[in-house]
Structures are given as C-alpha cells and as structure tokens.
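Okay, so here's just one chain, in structure tokens, the form predicted on its own.
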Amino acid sequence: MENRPLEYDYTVAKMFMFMAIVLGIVGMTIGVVLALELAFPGVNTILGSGVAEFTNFSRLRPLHTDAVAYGFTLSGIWATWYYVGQRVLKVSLKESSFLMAVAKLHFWLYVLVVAAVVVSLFAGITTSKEYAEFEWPIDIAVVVVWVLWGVSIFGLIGIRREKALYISVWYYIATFLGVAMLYLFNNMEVPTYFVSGGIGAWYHSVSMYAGTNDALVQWWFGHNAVAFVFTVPIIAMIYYFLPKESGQAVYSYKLSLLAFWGLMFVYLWAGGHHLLYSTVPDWMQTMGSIFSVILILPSWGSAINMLLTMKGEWQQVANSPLIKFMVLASTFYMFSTLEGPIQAIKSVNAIAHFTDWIVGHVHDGVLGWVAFMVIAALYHMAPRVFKREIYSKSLMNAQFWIQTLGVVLYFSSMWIAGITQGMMWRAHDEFGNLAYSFIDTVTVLHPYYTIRAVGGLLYLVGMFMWAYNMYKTATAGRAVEEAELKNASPMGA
C-alpha cells in the first residue's frame, strides 16, 4: 500500500485559486478606477453625488490595497500551500478528516472576513492605520483565520512521510509566524462606544499606542507586511514552482537557507525608513536606513539563486511563457529590493518621501514580482488540479507581454512623476521662497498620471486574460494525466 502513488486532495487549493482570480480582478479594477480619478478627478462624479461618496479616493484606496494584499495575494499563497504542502511533505489531506475540516473552515471563514472588510471599508469604518484598517471584531476573525492556517501547516508537518522539510516549507512557516506576531502587536486596541447620528458604534476602537510609539509600531508592521506577505511566501512559491516547471534543481540549497536566515534577521528592523525626518528618534531612523541597505544581501541571494537555477537552460525562457513569468518575477524582485534600500538612504529619501516614486516602487514589486509569481504558480497548478492541459499557451504569452508593458508604463511614469515632485517641492527662488505652488506640480504631473492609468489598465486586461484561460483550462482543456506533465524534484532527487 505504501508504494501506491498518493492521491492528493486539491479541493481547498481550487477554492483559493478561484478567490485569487476574483479578488485579483476586483482589487486591480479598483486600482485602475483610482488611477483614473487621480488623472481625471471628474470621473468620480459620473455616477452622481449619491454614489460618489462611496467611490471617492479615500473609500476606495484601502479597498484596493487590502484586496490586492490580503485578497489576491493571500488567496494565492494559501492556494499554493494546500498544493505544495501536500506534495513536499508526501501526505494527503484525505488522510485526516480533521485537517480537511480545518482547511475548509479556513476558506469559508476567510470568505466571511472578506465580505465584512468590503462592507466596513465602503461604509468608511476604519482605524485609519495603513494596511491595518480593520476594526476589532474583524481583527478577531482575522486571527482565527490565521490560526486555522497554522493548524493546517503544523498538522500536515506532523503527519508527513517526508522527513526533510523542503525550503519552501520553511518560508511558509516564517510567513505564518511573522504575520501572527506583527498583526497581534500592531492591532492592540481598546474597544470604545460612541454615538454618531443617534446610532451607537459598538465596533469602534482606539489604538493602545499613541503618538510616536503608534507610528513606530505601525511601520514595524507596515513594512513587514511587505516582508511576510509580499516577499517570504512568494519566495516559497518560486523555490518550488521554478524547479518543477523547468526540470532544474535549485541552484544552491545552502544559499536558499543562508538567504532565509538573512531575511529573518534583517527585514524586521528596516521599517524605520518609513519615518525618516519625523519625530522618531534619529538613531531609529538611522537603524532603519542601515538595515534597509543590508537587506540587499539576502534579497539578492534569493533572487540570484532563482536565476542561476536556469543556468544552461535559458532557451526555456524563450519557449515557455510560464517560465517567462517566473524569470521576470525574479528580475523584478532584484530590481525592487535594490530600489527600496536606495530610497531608504536619507539623502535620497529627502527627495523621494511622499512622492509618486514610492508608489512606483511598491507597484513594480507587487505587479512585477508578487502578481507575476502568483499567476505563474496557479498556471503551473491548473493542469495538475483540473487534470487538463492549459487551454491556450499563446494567450498566456500574449498576457505576459501585455502585463509586462503595463508594469513598465506604470513604474517609469511614477519614477518621472516622483522625482519631478521631489525637485519641484524643494526648489526655491533667489529670495528663498518656494518656486512652485502645489497646483504647479499637479499640472506638470498630469501626463504621467494618465500614463499610469493606461499601464494599470493594460495589466488589468492581462488579469481578465488569465481568468479566461484558467476557466477554459478547467472546463475545456484537453484531458491529461499528471504523468504526462513535467514532474521533476525541486532538489533534483
């Protein structure tokens, strides 16, 4: 019986795949609307004043960031966990009715949290803390969802057949532990009750921290939400999916471990660079800058390890659109993790802070690294979970080029806009007065905001192409057995 191939259960993986596709389209559609509102403010009044209240920038912006970070990205992470976890640990969810129930509860409670987030943010109910806008009842539900995922991780590890933990599992564990710690500390809040318009708001709260302490804890969380949602689990994905798709073993397993511990020790202390030139103690600002620059080493260690995995097999990049996605994702990861530390240098930050260059940095990382990797991972999974061949590789290839063009237009326009902003804000005339008014900068930036909206729209078109290709794969692709697909070991064993 032990020699029979395991029958993995991908039920929950498929549910999270569906959520990743839907929330990715929703989040990026809202992003395009926001880009259009910034370029053409009148867009928000098209549907009338009754609707404009709910579609203005302040209501939609947290919905956009949360839908992409905690909707699209987390759904992609969990879809890959319920796929990768079973395969690298050599255990099926079918073998434990308890773990299967936990996995399904994880999904459905997550759906309820998503619904609560959408309703509350549209209603303007928010803590006003960036990336941590949810009030305390939703925070409690988020913690339960996260604990359920932890039970799934350690439950599968506990009944595994494979003794060694492949590097991807290390990164998934780090994601769970990192976010758990960060979320709990940053969202320490005291429930309050106040009456507004005759209605009692029992769900309101105030932070346990105040002033500078609140800012420090917030950006310790905010920057490390990037670390443990946009970086660590995405590395987990590429360390599994790139070797499996290419048939190449990871270039250096030792380097993957070295980079892992480097990220764990360094990333946590870089958040202070968000608070340069603020009331935060100067030594903390300096520490944030220093750790940000040091962060280049483990980040590039991971990225170079990924690219060297393709050593001697670069023709696959030309032949496979899926490998194109993953190789360019690694390249964007290198690019973004060099750009961030440069922006954290105090003299550069003096120009960059509060400008659109920061926006460009975030999006070349999220769209070029995170989203490309989630898309690639789900494309790799689709034939194996649906038992059908990818419906159209030419459509996948077209999607890659359209979205790549979209990313390039987005970050290049924001670079130019951001540096222009920074220079204009600092410019003085011969009398020491500001040379430009705020509206002068807005006028100059209009063409770049328009280009940004076009770039975002192109990327959104690619998301619809992805959704269509995945749907057709699941319903109309040629039936195929997994034995027909590449199934190399990530470690080359």
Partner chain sequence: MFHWLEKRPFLFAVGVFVTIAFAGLIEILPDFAKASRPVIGTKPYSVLELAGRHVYIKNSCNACHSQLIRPFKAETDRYGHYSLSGEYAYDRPFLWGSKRTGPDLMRVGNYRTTDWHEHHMKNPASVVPGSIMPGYPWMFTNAADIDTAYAEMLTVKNVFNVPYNKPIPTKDGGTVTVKLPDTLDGAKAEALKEAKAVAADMKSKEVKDMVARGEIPEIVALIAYLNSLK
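Note that the structure is predicted; figures quoted are calculated from it, not measured. Numbering follows the first chain given and starts at 1.
The same protein also exists as the form predicted in complex with its partner chain; that form is not shown, yet it is the one meant from here on.
* **Among 66-74, 22-30, 432-440, 460-468, the region lying within 4.5 Å of its partner chain in the model of the complex by heavy atom distance** => It is 432-440 that comes within 4.5 Å of the partner.
* **Heavy atom within 4.5 Å of its partner chain in the model of the complex - the one residue of I419, L395, V359, V293 that qualifies** => Flagged contact: V359.
* Asked: in the model of the complex, which of the listed residues (G368, G178, P383, G85) lies with a heavy atom within 4.5 Å of its partner chain?
  -> The option sitting close enough to the partner is G178.
* Heavy atom to heavy atom, is E339 within 4.5 Å of its partner chain in the model of the complex? -> It does not: once its partner chain is placed as it appears in the model of the complex, E339 has no heavy atom within 4.5 Å of it.
* Asked: For N56, is any heavy atom within 4.5 Å of its partner chain in the model of the complex, or not?
  -> Yes, contact at 4.5 Å.
* Flag R160 as yes or no: does it have a non-hydrogen atom within 4.5 angstroms of any non-hydrogen atom of its partner chain in the model of the complex? => Although its partner chain is absent here, R160 would touch it in the model of the complex, with heavy atoms inside 4.5 Å.
* To do: Please run the contact check for N319 against its partner chain in the model of the complex: heavy atoms, 4.5 angstroms, yes or no?
  => No, N319 is distant from the partner.
* To do: Enumerate the residues of 126-149 that have a non-hydrogen atom within 4.5 Å of its partner chain in the model of the complex, in sequence order, or give none.
  => Sequence-ordered list: T126, T127, S128, K129, E130.
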